[in-house]
Ligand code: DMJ
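Shown next as structure tokens: one chain only, the form predicted on its own.
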Amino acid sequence: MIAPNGARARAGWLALAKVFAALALFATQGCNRSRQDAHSREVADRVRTEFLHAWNNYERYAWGHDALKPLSKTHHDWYGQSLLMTPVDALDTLILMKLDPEADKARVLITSELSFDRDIYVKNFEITIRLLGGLLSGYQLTGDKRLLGLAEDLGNRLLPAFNSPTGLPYVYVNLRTGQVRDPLSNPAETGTLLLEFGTLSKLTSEPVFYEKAKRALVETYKRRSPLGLVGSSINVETGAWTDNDSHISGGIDSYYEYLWKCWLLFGDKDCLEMWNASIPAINKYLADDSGSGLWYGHADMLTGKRTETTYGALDAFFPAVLALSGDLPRARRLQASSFKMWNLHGIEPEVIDYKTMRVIAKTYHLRPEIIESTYYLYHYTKDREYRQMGETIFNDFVKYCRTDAGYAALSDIVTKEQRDEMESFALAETFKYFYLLFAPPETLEFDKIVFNTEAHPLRRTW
């Protein structure tokens, strides 16, 4: 049936009105997105400016040394002589922020002054994630083969650490003599080495690096309890656990992180299988769905019995790993808990009791984990909530930690008393994750890299 002319006209006007309404909505959304993008660029610029404040004061007061002491305006060297911890750790941040003159100056310092021919015992884990990781990412970003040469020399000097009866590495190794010491280690220190040693192996075509680090990871996993949990302390000579406390906090944290990430970077199916066997146990025995939200506490590795209801700044890395491995619902809930912890006093404490929401350890060491997870969640969800969360965290970070000569850790997050400490990871990780959260996505191709636990981006270039 043919509609009368008036009805046809009304239908036409109605259709036209719908088109205009849709166009208006599209334009409004476009304007909102444009404003949000502009604001994010402004915050990224602020982060870059504050990073430069920290870096320039390192240059001014601690150039050529491991770290700046921002209150006394002096320097600190880990082992009595410098291994250029801050320049190596911060190099890829300088490059990603396009601070080219500063990056070039740091690279000249590293390639002309850094030597590992030192009669000093160094901590294998820390030197691997900070220096080996930093040199490898620096090489991949610049193509400067001198950085790869330094990485290979360092890798060779660290290899004797793995010469234990179990293949689990000793805590300390002497860079010149290869002597080792301290057999009491933990899963983080025995199992957080394969991303770096594996990348070195691929780039140098020397399989020994991959093999040693992979064995250490597997030997750690093989000693899990019948419940599927690992403990806090292990003897690398006997392979026996010396502490049955299981958790996702410092001393275990990055062991779990590397199970998933080594699968991503290398396609190593053993790592995927170890992750798939471990994550159900973590979620069954360590997760604690209390009245204040989702948390991860401590349990006995043999019985699964809850031993502590503590969570802290180091645990706040886990939402990132959950998001990376595809468990966004759990990642979102745990991130909300981490942010609740941050907001207790306007900056996060080292440890809280999540049952009572009471602060157990009041220090703040400029740690990156909560902002790392914020960045991952924003990447996967594109939810503005996470940029707003990140901006709140950044504003608090600047308000309480900025000093005339850089950024200082806090001795007490309640009184906001500062301490004379700015570790290299503040520049390698904390500022980097702040920046990447707000910078345009093309700043770094997230899906083509895997961050090591010190936020050094590693990519398949082999």
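These figures come from a predicted structure and were not determined experimentally. Residue positions are given as counts along the sequence shown, with the first one as 1.
We do not show the form predicted together with ligand DMJ, though everything after this point is about it.
Asker: Since only the chain is shown here, I'm wondering whether Pro368 would be in contact with ligand DMJ in the model of the complex (any heavy atom pair within 4.5 Å).
Answerer: Heavy-atom contact with ligand DMJ at 4.5 Å: present for Pro368.
Asker: Answer for Leu314 alone: is it within 4.5 Å of ligand DMJ in the model of the complex, judged on heavy atom distances?
Answerer: Although ligand DMJ is absent here, Leu314 would touch it in the model of the complex, with heavy atoms inside 4.5 Å.
Asker: Indicate whether ligand DMJ has at least one heavy atom within 4.5 Å of a heavy atom of Ser254 in the model of the complex.
Answerer: Taking the distances in the model of the complex, the answer for Ser254 is yes, it comes within 4.5 Å of ligand DMJ.
Asker: Within a 4.5 Å heavy atom cut-off, is Phe51 in contact with ligand DMJ in the model of the complex?
Answerer: No, Phe51 sits far enough from ligand DMJ in the model of the complex that none of its heavy atoms falls within 4.5 Å.
Asker: Under a 4.5 angstroms heavy atom criterion, identify the one residue in Cys271, Ile129, Ala106, Leu136 near ligand DMJ in the model of the complex.
Answerer: Only one listed residue qualifies here, and that residue is Ile129.
Asker: Which of Phe397, Tyr407, Phe425, Tyr58 has a heavy atom within 4.5 Å of ligand DMJ in the model of the complex?
Answerer: The option sitting close enough to the partner is Phe425.
Asker: At 4.5 Å between heavy atoms, only one of the stretches 360-368, 155-163, 175-183, 224-232 reaches ligand DMJ in the model of the complex; which one is it?
Answerer: So the stretch in question is 360-368.
Asker: Though the partner is not shown here, which residues of 430-462 have a heavy atom within 4.5 Å of ligand DMJ in the model of the complex?
Answerer: Residues within 4.5 Å: Thr453, Glu454.
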